[in-house]
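What follows is one chain in structure tokens, specifically the form predicted alone.
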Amino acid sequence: MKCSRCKATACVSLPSHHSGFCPDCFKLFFTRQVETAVRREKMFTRDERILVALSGGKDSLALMLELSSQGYDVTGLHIDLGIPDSSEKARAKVEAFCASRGLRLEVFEMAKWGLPIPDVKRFSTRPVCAVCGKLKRHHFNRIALAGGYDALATGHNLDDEVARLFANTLRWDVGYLSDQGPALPAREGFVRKVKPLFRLSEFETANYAFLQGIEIHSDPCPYASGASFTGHKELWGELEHRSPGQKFQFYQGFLQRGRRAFAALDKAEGDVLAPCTACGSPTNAGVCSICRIRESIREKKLEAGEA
């Protein structure tokens, strides 16, 4: 197969784009997709400071490298979840990546905050993945606000966004459907959140990471077995294989025609937010869910004699 741009031998085939690219042209394709995402969604400018959430996986590290290469003012943020073996490996990859490229990095340790994820697994009755996600989003937002960053960027790719949209649609979850999108503006208590990789598939970010020589943490989370999110991605992977381009069409259709309708519904039904009486984060419940989870687990550890 020949490269669609320069006619050299292609190394990456992209049926959804009816294209194939050699290494250099694929990197250019990747860069232009990120540029288009940032420009069309008005995500940020080169005068703004961007905090990039880094897990150690291919997507977040690829995003950090690409934004840095494009000249943006980026700082990485890694949350050490305190999961034995897994978290040490992920953190090591992030630290080595940033050190080798001269990129700024902040690390937040859940264990020092008093709530490593193994404690959530043992003492919470809620699904550990759901609680872990809540905790990470809370700290991403809190640290971005405290550090005066203009935007928080995450490495969610097209596959991630489609799987999330699919799950929210299955539940007709108005609250989540109303705010799903590649760019959420800042509002009281919340930093601007952006997803510059939303136009790129997981396959495309994996190829970019490989071609750029990025060493990633690829081990699955030991607590994520059986997560419905993974099943949804597999279903959409099969659909995409049968009909290339369906993922992007589905997501773009929602952004262009569906999101406004759900936003209007959510605005009519929305709760009034106020600062959490314990930590100050926005909540509609007096004390936010994060503080309630933390206190509940603290009490259970006390009862077990482990505090």
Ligand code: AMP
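Numbers follow the displayed sequence, beginning with 1. Treat the numbers as computed from the prediction; the structure is a model and nothing was measured.
There is another form of this protein, the form predicted in complex with the ligand, and it is not shown here; the text below is about that form.
A.B. asks: Heavy atom within 4.5 Å of the ligand in the predicted complex: which of Cys98, Leu77, Ala209, Leu165 fits that? Just give me the one.
C.D. replies: It is Leu77 that has a heavy atom within 4.5 Å of the partner.
A.B. asks: Taking the ligand in the predicted complex as the reference, which of Arg142, Arg192, His232, Lys136 has a non-hydrogen atom within 4.5 Å?
C.D. replies: It is Lys136 that has a heavy atom within 4.5 Å of the partner.
A.B. asks: Where, among 150-158, 182-190, 165-173, 209-217, do residues come within 4.5 Å of the ligand in the predicted complex by heavy atom distance?
C.D. replies: Of the options given, it is 150-158.
A.B. asks: Verify the contact flag for Leu177: yes if a non-hydrogen atom of it lies within 4.5 Å of a non-hydrogen atom of the ligand in the predicted complex, no if not.
C.D. replies: Contact check for Leu177: no, nothing within 4.5 Å of the ligand in the predicted complex.
A.B. asks: Indicate whether the ligand has at least one heavy atom within 4.5 Å of a heavy atom of Leu81 in the predicted complex.
C.D. replies: Contact with the ligand, yes.
A.B. asks: I'd like to know whether Leu54 contacts the ligand in the predicted complex, with contact meaning heavy atoms within 4.5 angstroms.
C.D. replies: Yes, Leu54 lies within 4.5 Å of the ligand in the predicted complex.
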